[in-house]
Ligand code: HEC
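One chain comes next, on its own, written as structure tokens: the form predicted on its own.
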Amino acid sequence: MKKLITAILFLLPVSVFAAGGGTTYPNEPANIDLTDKTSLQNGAKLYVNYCLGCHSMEYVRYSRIAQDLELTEEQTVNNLILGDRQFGDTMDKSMNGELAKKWFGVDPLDLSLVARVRGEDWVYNYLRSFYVDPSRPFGVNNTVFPEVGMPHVLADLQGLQAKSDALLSVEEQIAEAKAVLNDSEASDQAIAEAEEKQHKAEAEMAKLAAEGQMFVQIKEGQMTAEEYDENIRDLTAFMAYTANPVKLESKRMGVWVLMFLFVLLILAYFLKKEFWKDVH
């Protein structure tokens, strides 16, 4: 039994890694700040204006957002609540689920916990990585989520971008290497050369991502690249907040708990000395 438990614990990290998939690019850190209420407020505005039409947040209430983001009820009603929804309602999407299935083939999922499931960095990079792809139903694709079925709803802010020639070259090299690796009749030498070629190409892709050379702008948006990234960081911060609204409160409580335990430790130490002073 002990061997079985040990084997499960040993393989658990491997299974988690496999479920998460390989590295995607770009993969810049989001660097969000959940204590920045201005950032969270802007993120909430962006979510309501660009995401809430299709994606609900059924585990989050407007009243709770107002409380945590330091908004008055009037500010919340005037700026975040659309239609006939009330201050105490949850953030339900505008789109009808049945019509969504008819239009998109699937009912867009709820995003209450997406930042917790996917990770803040994934969300941040995904929203920055749409590129023009005429072969897709909505004319766009995504390097972080290939073959994505979602339109680029933020295109008016970001504009449109295409893959750079350098990225296309690297992807071609990777595809050629994988073709050899998947060939059951390939020689050992050919496989070794293909592995080396793939490794070099992946390193070059990481370099392109780090230098911001994966895409080229083909149509300007309402924002500069820097402004767009900052707004996406705010949107990501808001989604990270909704995924775990009690996180900040938990941290504040944690400090007081640690202080209490420290005081309790001191009392326990002197109590122990009092009990044992006559033993020796």
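As the structure is a prediction and not an experimental result, all values here were calculated from the model. Don't overthink the numbering: it's just position in the shown sequence, from 1.
The protein also exists as the form predicted in complex with the ligand; that form is not presented, and the subsequent description refers to it.
The ligand is not drawn, but in the predicted bound form it has no heavy atom within 4.5 Å of Gly97. Contact annotation: Cys54 falls within 4.5 Å of the ligand in the predicted bound form, judged by heavy atom distances. Heavy atoms of Trp122 reach within 4.5 Å of the ligand in the predicted bound form, making it an interface residue.
Contact between Leu235 and the ligand in the predicted bound form is found at the 4.5 Å heavy atom cutoff. Between the options Ala166, Leu82, Ala190, Leu109, the residue in contact with the ligand in the predicted bound form by a heavy atom within 4.5 angstroms is Leu109.
Only one of the listed residues (Ala155, Leu71, Val114, Leu208) places a non-hydrogen atom within 4.5 angstroms of the ligand in the predicted bound form, and that residue is Val114. Annotated contact segment (heavy atom within 4.5 Å of the ligand in the predicted bound form): 99-107, selected among 198-206, 99-107, 166-174, 71-79. Contact annotation for 131-147: residues with any non-hydrogen atom within 4.5 angstroms of the ligand in the predicted bound form are Phe145, Glu147, listed in sequence order.
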